[in-house]
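Only one chain is shown below, in structure tokens, and it's the form predicted on its own.
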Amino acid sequence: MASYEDVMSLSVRRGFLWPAVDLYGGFAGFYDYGHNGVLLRRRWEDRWIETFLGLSDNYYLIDTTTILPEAALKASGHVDHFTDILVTCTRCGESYRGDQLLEAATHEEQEGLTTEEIDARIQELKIRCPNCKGVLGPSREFHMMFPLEVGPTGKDRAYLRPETAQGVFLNFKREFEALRRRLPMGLAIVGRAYRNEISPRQGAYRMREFIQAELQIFFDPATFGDAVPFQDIASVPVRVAWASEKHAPTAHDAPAKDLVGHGLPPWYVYHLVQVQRFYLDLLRIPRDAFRFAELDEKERAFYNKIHFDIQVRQESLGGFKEVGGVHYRTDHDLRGHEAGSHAKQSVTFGTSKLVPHVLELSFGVDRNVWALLDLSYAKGERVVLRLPVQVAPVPVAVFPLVNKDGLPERAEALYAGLRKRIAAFYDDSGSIGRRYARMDEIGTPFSVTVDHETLEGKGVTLRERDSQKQIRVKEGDLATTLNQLLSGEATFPA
């Protein structure tokens, strides 16, 4: 079981991520990635792109501005509705999110409450300021977007984007025409978004600057069900907790067809299954540590008709935590931009003219990175980061057994040839045991050691991280063997 301190200590020590600007005492809600963190994050992003853009030949990656004018965010509803509830201490002036105060006291999620309900619950539970035990003042709505003044006079009001999705919606018509007017059409962005969180907490879980990976799928609700092969996944068990069950510390399996019987559209359930496969099969998340949690009408975002959070159980954060979501946004966004811009967003598809609906697959990249660090952390006689091979920042390390007898030169030559085909790392500092330990702590799944038998033409030692087992592999077979192990085509001999 990994504590928050365990994971953060490893993260800082081995160059994954840490609080930003710590030279000046830190900058709340902002984090920097180190050299291994960037590699882990980008490998996760690459797997995400391969998986979800791979669902259709009409899904594409785009990139858009991170600064949006007020008019666009007024049309999307963010100017009027993108708020959290702020509670301030009357004695010390410290500010808190109302739902977080209640969650800390009840150990249950407290989403979707009004200011009046927050105030009543604070009084009922006799909650005082966590900082000074002072009396908490009345709650109020707090706007979460970062405002900007654009231009030399600052008269053009704008905001840092609160989500990547709006960039997709603003470019929908251009892409629809460029992609030959086909539906369903998917547009994805992997990029930064910004929210002025009242009280950022739990490290990378709640940040003010963060990275999202989002796919917006535009579709005709009359025909989308026919476009997905639901029959292929109808019997697949899905880990789900309905809105009335999500406070429980677990979930249950329900066949996909039963979720349809519960009122969810088949195309929605089909995408739940694809998301679940990404986590269970590719990222190797334990089944009992994964679930979809339904949000009811009171809890879900103002633009969603159906909303299930993607949750992963993380001991460092105290249980199941949201790492993404599957959202049916209907035609809310395009309708809003049509009204705000006075530019028609309807398209002709087949014999129909319609404003497409949107299914959003949304993932917090930083949250997923932290979840991988949490679930992969193992501590016994040694600390090991059991990362899946597909996302490990350094897949292979190469060592000379000792720094003499021509072994470093032979190891460097092997490394130079290997890195042309595989991302590899060379290390000759310290004892072989310490080098193994360093690689274990950053999650490197395989290590290659050049020893005296190598000089005799007997191959190299290949070590597997989790079991610490070793086999000998001919130098000429090494690259092929490693590629098979890293791709999943082969498993390490027992």
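Start at 1 and count along the sequence shown; that's the residue number. All values derive from a computational prediction rather than experimental measurement.
One more form of this protein exists, namely the form predicted together with the RNA; it is left out here, but the text below deals with it.
message: With the partner left out here, check for me: in the model of the complex, does some heavy atom of Gln468 sit within 4.5 Å of the RNA?
response: Although the RNA is absent here, Gln468 would touch it in the model of the complex, with heavy atoms inside 4.5 Å.
Arg128: touches the RNA in the model of the complex, heavy atom cutoff 4.5 angstroms: No, no contact at 4.5 Å.
message: Since only the chain is shown here, I'm wondering whether Phe492 would be in contact with the RNA in the model of the complex (any heavy atom pair within 4.5 Å).
response: Heavy-atom contact with the RNA at 4.5 Å: absent for Phe492.
message: How about Gln100 - does it come within 4.5 Å of the RNA in the model of the complex, if we only consider non-hydrogen atoms?
response: The answer is yes: Gln100 has a heavy atom within 4.5 Å of the RNA.
Heavy atom within 4.5 Å of the RNA in the model of the complex - residue from Gln390, Asn171, Gln345, Gln202: Going through each option in turn, the one that passes is Gln202.
- prompt: So which of His81, Lys74, Arg419, Lys353 reaches within 4.5 angstroms of the RNA in the model of the complex, heavy atom to heavy atom?
  reply: It is His81.
- prompt: Since the chain is shown here on its own, which stretch among 32-40, 49-57, 66-74, 433-441 would lie within 4.5 Å of the RNA in the model of the complex, judged by heavy atoms?
  reply: The contacting stretch is 433-441.
task: Just give me the residues of 449-468, first to last, that have a heavy atom within 4.5 Å of the RNA in the model of the complex.
output: Going through 449-468 in order - heavy atoms within 4.5 Å of the RNA in the model of the complex - the hits are Thr449, Asp451, His452, Thr461, Arg463, Gln468.
- prompt: Closer or farther: how do the Cα atoms of Gln100 and Ser76 compare in the model of the complex relative to this form, given a change of at least 3 Å?
  reply: Closer in the model of the complex, by 3 Å or more.
- prompt: Are Glu103 and Gly364 closer or farther apart at their Cα atoms in the model of the complex than shown, with the shift being 3 Å or more?
  reply: Pair moves farther apart in the model of the complex.
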